[in-house]
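We begin with a single chain expressed as structure tokens, specifically the form predicted on its own.
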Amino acid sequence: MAAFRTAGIMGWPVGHSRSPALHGYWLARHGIAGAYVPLPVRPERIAPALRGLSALGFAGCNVTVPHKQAVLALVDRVEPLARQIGAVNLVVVHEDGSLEGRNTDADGFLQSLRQDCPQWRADAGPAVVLGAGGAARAVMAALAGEGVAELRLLNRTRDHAEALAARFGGRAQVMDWAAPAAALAGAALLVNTTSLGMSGQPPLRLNLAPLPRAAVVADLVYAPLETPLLAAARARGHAVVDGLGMLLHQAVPSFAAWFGVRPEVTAELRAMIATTL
């Protein structure tokens, strides 16, 4: 009989996470003896909590707000992509008890983009990224890795955008949040990585008129699934990508690392998680 394996998600708070339902679906689908549980951990307790994973027999954990950056300095090894992004969202416990930090957000974004908009090409033109937090870092790394030649970054706090753009050299430029028309002109992709438009948050007020209608519009917010940005983009005829796809696809490498099976993101899974939003 295969050994029972356990993983979970560390965050504070963590009760809102859809990850237990998502990984629980895959465990049942593949008949794997295991569990995926919420692990609410206060910021000041993150170091001992991580070290306790091995002692408790965990295969690893996902990491969410507010721990993604702190974990970078607490694990034994960090993969190059996670180092570049500056955040960890996946911890793998190896047989010797050591901890490896990885980041699956960049791959999750790319897989979602490819699934929903297979016509998108990295050489189609500039990409506009709204925001300068952890999600923006992952999206920028993903797009740079795919070969997007020009990344236009806008953020309400300009110095945060400047710091992020510096990670990507000459291909990234910071543009004016208050005057976004210049950034949108000629762009082939627009990605909102901010919380604006999320349930309970202020709306994202953005005039899409300067954006070419052939451009793809993506919003990483998934509650609500159809944000005002996506509704406006859809009305103009843009191809759109909602935030649920990234949530689902970023989980695939984690499940594979812990449970030894690479699961699929199916329409049935998407519909199941969508009912929880």
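Quick note: we count residues from 1 along the sequence shown, nothing fancier. Just so it is clear, the structure is predicted and the values come from calculations on it, not from any experiment.
Below: the form predicted in complex with a small molecule, not depicted.
Checked against the small molecule in the predicted complex, the residues 115, 173, 84, 195 give one hit for a heavy atom within 4.5 Å, which is 195. Here is the short version: of 126, 180, 131, 108, the single residue with a heavy atom within 4.5 Å of the small molecule in the predicted complex is 131. Taken together, 18, 23 and 39 are entirely out of contact with the small molecule in the predicted complex: none brings a heavy atom within 4.5 Å. Among residues of the shown chain, residue 157 is one whose heavy atoms approach the small molecule to within 4.5 Å in the predicted complex.
Although the partner is absent from this view, residue 78 stays clear of the small molecule in the predicted complex, with no non-hydrogen atom inside 4.5 angstroms.
For residue 135, a non-hydrogen atom is located within 4.5 Å of the small molecule in the predicted complex, even though that partner is not displayed. Comparing 186-194, 165-173, 91-99, 116-124 against the small molecule in the predicted complex, the single stretch with non-hydrogen atoms within 4.5 angstroms of it is 186-194.
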